[in-house]
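Read the single chain below, which is given as structure tokens and is the form predicted alone.
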């Protein structure tokens, strides 16, 4: 990327400070939802709320995109969520699409893998897209919604200095370039990052592990003929005793991660005179490249004990942290927003009790624990803590070169997959004999329907996905309706495989976040009523 384009992206305010009417009000103005943080998670939540006509104000102490590429790998499930939000296509078009990867040990290629080996999905396993592009597309979507008259506002250079959580609202002190003002929110969503000032103001903290190893991230601009795959090295000749990772991004930007070890001088290791020789050893002396961004990080696998505290709900990095190997940070944060927004809308509309939001805490803590477990295992495999562990790891890598059975044991980062809320509080009936992959709590699995992709036809409301079973147009329980989505059982063999198995037909109650709430092999109105009550916290 030419320097002038880079500087324009990083230096141009996306949401410059503007004085709001709230600053001139005699008393604090109350809003239904205030979001703190205009990163990927906060913006995704704001877009989802605004699309459904829930007024939302986003406060951020910055006015620009994040500096550096930061998060780059966005998984298939998140692309499906972005499609529903109305900005997925632009990101896929800009991003680098990939399904394949390679694992190396020393100078040997051990094996290849495919993260999406089956057909019948609209979106790929992953795209690589720098976070600054990702945020820009989300802000563009906010601007488009504003042009449509949707109730969403981003206030740049608005910094929270104090918070008070009351029984029916949250009161905020906000500082701006023109001085402070007060604001109130029925609900506050904290998406203000790993260092979360909101979490600090409330006296809350993380529990979990912090790992000792340090990793160098270098984003370099270069023209290279490496394929668009994820390449991971254990003990490569250019970084002996450590690991390395290579990814392609748009605009001829390449992400390189190099393990550095424990006792290092972080500021010294970030200097170009230290970074460039490392990169030349990896890429070759003849490689021509420019540094775009350099950072050093340590692994942290931690979370808050609870994500909901009264009228304050935490999402994304403010609620949980995982190591970057596996692409579980931003991806899980967007799933947080997806899980939260439909529940919050029902509560605000008076159609569900406040305790429905406790299911956000239950489900997303479950998801965070799954991510932390996978990330911790990846970290332990990538960075053995004893000589015995290293001998075991290296033996696994040697076996994996020739033996399929050993390859699942190789853990270079278990890459992000959507969480299935097994045993979740909103799960209803499950008919025996239907495929396990679409059980209650699972995210919908995409498939052709004969009239486009299934994922494009789901979302924003409860739906009865009827495959070869007669159902009414609408089924209602306690003022909440589930609308019929009818699909022929022979519309596509992949649809039948993923939703019917050997059954001739099935009925699925789908949640607004495209997760399965309950399923049956025939239609029973009383059973649907019970499942709707369960899925909205009324059971």
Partner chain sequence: MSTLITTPNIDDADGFYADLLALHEGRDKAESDAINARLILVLANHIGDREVLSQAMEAAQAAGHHD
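Owing to the predicted nature of the structure, the values given are computational and were not obtained by experimental measurement. Numbering follows the first chain given and starts at 1.
The following text describes the form predicted together with its partner chain, which does not appear among the structures shown.
The stretch that touches its partner chain in the predicted complex, counting heavy atoms within 4.5 Å, is 392-400, out of 190-198, 392-400, 357-365, 292-300.
Contact with its partner chain in the predicted complex, defined as a heavy atom within 4.5 Å, holds for exactly one of 282, 100, 409, 224, namely 409.
The shortest heavy atom separation between residue 405 and its partner chain in the predicted complex is within 4.5 Å.
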